[in-house]
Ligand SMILES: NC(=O)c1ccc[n+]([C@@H]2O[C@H](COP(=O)([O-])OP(=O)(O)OC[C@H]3O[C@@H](n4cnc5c(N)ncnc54)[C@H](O)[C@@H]3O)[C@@H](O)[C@H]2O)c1
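One chain follows as structure tokens, the form predicted on its own.
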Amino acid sequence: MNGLAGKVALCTGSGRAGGLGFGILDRLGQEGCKLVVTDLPTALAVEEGSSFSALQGKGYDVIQIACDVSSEVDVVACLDQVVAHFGQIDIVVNNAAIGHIMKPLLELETHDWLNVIGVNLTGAFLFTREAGKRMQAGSCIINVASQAAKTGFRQMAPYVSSKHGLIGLTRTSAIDLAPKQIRVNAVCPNHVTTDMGRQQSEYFSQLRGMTPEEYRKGIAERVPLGRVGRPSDTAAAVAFLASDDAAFITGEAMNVSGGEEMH
């Protein structure tokens, strides 16, 4: 990818190796970016499966910063630390999300709704606004949305609503930040078997009286390209959208679904 070497890239919700955030930072590190791991303190404190340790072990220039994305104070402090350490912030990937709250609509508690919206949508808004204040021309923000940003799924009202909202945030931010030559795009993966994806597949397989393996096999059979998504698929799309190769692309919501989602 052109133009990524030396850029400073931050990805929220990236504390655990093997997750989507780790995959995104790993790919951006391969392209020569300096990396910022951000996640809740509890996620960063894990010794086994630490994203920070794994990225360090690959030789990348990486720091980690504890941050609750739903806290304005935390977001401001996080970005100030990044700029103080690296002197700039060029790429922000809003990946942090709550996806494990799955209940019938009539059984949802208000706090369930508020928690999901607070992380998935308000967190992305706060990072977009604060990063936009600190970014220079040529920088970009990429929101990790979902197939659920375009299609409804039963018993996932907070998640689906937050991801639909994230597309709206992407489009309006792209317009508002265009005068600064800051691009904003989104990627929309379908099922990826990370920890979150595994929780979702276990829940929905139980609803259908299936094993998780049978459920994931059913997903693969629905996908024209014949398999479920991998973190590397989404990471490649993020790297492209962050690169100079995508310099004239903004306000888009790119499907990364093997053809399962086509609008």
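Model, not experiment: these values are computed from the prediction. Each residue number is its position in the shown sequence, starting from 1.
This protein has a second form, the form predicted in complex with the named molecule, left out of what is shown; the following refers to that one.
Notebook entry, point to check: Where does the named molecule sit in the predicted complex: which of 37-45, 220-228, 207-215, 54-62, heavy atoms within 4.5 Å?
Noted result: Residues of 37-45 come within 4.5 Å of the partner.
Margin query: Can you pick out, from I91, A97, I182, L79, the residue that has a heavy atom within 4.5 Å of the named molecule in the predicted complex?
Written below: Contact residue from the list: A97.
Notebook entry, point to check: With the cut-off set at 4.5 Å between non-hydrogen atoms, does M196 touch the named molecule in the predicted complex?
Noted result: Close contact exists here: in the predicted complex, M196 approaches the named molecule to within 4.5 Å, heavy atoms only.
Notebook entry, point to check: Hey, in the predicted complex, does C67 get a heavy atom within 4.5 angstroms of the named molecule?
Noted result: Answer yes; at least one heavy atom of C67 falls within 4.5 Å of the named molecule in the predicted complex.
Check: Taking heavy atoms and a 4.5 Å cut-off, does I142 contact the named molecule in the predicted complex?
Finding: Residue-level check for I142: no, no contact with the named molecule.
Next item on the list: Report whether the minimum heavy atom distance between N190 and the named molecule in the predicted complex is within 4.5 Å.
Entry: N190: contacts the named molecule in the predicted complex.
Next item on the list: For the stretch 232-263, return the residues whose heavy atoms include at least one within 4.5 Å of the named molecule in the predicted complex, in the order they occur.
Entry: Residues within 4.5 Å: none.
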